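Before any questions on binding or motion, here is one chain by itself as structure tokens, the form predicted on its own.
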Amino acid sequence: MFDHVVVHYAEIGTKSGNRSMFEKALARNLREMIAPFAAVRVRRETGRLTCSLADVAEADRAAVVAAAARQPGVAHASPAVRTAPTIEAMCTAVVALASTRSGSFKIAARRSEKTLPFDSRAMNVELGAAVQAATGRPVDVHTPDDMYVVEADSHRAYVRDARIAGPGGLPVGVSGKVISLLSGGIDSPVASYLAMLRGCRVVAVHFWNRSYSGEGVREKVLAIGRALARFQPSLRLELVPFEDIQQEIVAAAPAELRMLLYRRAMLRVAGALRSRHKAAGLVLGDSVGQVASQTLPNLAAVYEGAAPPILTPLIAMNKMDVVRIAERIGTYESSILPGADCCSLLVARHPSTRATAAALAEVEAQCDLEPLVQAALAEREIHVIAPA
């Protein structure tokens, strides 16, 4: 019976002078994310956005509500019935909803415009009385079994009885574009997702040793990309061949420095892609002290080779908190599939934990990396993953 989705935002509401820009970005994203189901009209209304479900098949409407709810920038989304802003029409809609259930209920009604011939209190009284008369259900304003929310302005009213919490944050795209290094583990997909929540449009880059990792890793990373594409209108995923760069490093570097040199080479490639995509920064899944390559001295030595800003959303997070986010956003199951990360190739059992940028640069000077970087860029595999 629902014919609309009502989308509320939170942080966007604090943007005062340029709120319109954020609302338009969120509306655009919602339109693109719902497009696989139908061409849906998204309206900007006072303090909310609404999506008509008139052209969406009944069987798909719950999926459309869920797709809207998970978009960055959304505080919550609700399936709703739109009616005329009259007491009679609103009573009919709320009674129809309330008649499908039993137990206590509460009406939470409000008008957003004083031009209506009734106030919020009158709406609560009239709608509550209509539900009681039609269903016999008792009112409980403190701990009701169900709550029916009614929002009315001078043109329309929306009646709803449920809502799905969204992630909050800002709409994807309002903060610019970033290059996110996607390793295939648990952390980097979560870092990419958190960057999306701050309004960043993510271009994901995976470094792939084709001869060592094989097709299994490729499919694993694509699966992670498909999961992330549910939060951003199309995700560009670039798979960069890395075996030749690794071989050059292995020939010149002691085993205890190889992991750090791999990472500096990755940042070098990512920096080139950042220029090509006109991206504002790089996103990494690092967390201080989680592994040997992520001690503070090693992070400083690795980052020294890249232009700022380097964004590290997980830098002070506990691993279990990261795992919980990965499970919630649907990347965890793919991240734990078998598949060796190319960074683990030919490294020491006890890698350096206190490397310096000077020591790494000295080894790099013995390598001829630039033509290998250009070759890797030329051979990269590009996937544009649309919302499914």
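Residue indices: 1-based, along the sequence shown. All figures in this text were calculated on a predicted structure; none of them were measured in a lab.
Omitted from view is the form predicted in complex with ligand ATP, to which the following refers.
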| property | result |
| --- | --- |
| Sole residue of I245, L235, M266, A152 within 4.5 Å of ligand ATP in the predicted complex, by heavy atom | M266 |
| Listed residue that, although ligand ATP is not shown, lies within 4.5 Å of it in the predicted complex (heavy atoms), from E327, D60, D341, E32 | D341 |
| Contact stretch among 118 to 126, 162 to 170, 86 to 94, 280 to 288 - heavy atom within 4.5 Å of ligand ATP in the predicted complex | 280 to 288 |
| Every residue of L182, F207 and Q294 near ligand ATP in the predicted complex, heavy atom within 4.5 Å | yes |
| Proximity of S78 to ligand ATP in the predicted complex, heavy atoms at 4.5 Å | no |
| Heavy atom of I186 within 4.5 Å of ligand ATP in the predicted complex | yes |
| Contact set, 68 to 83 vs ligand ATP in the predicted complex - heavy atom within 4.5 angstroms | none |
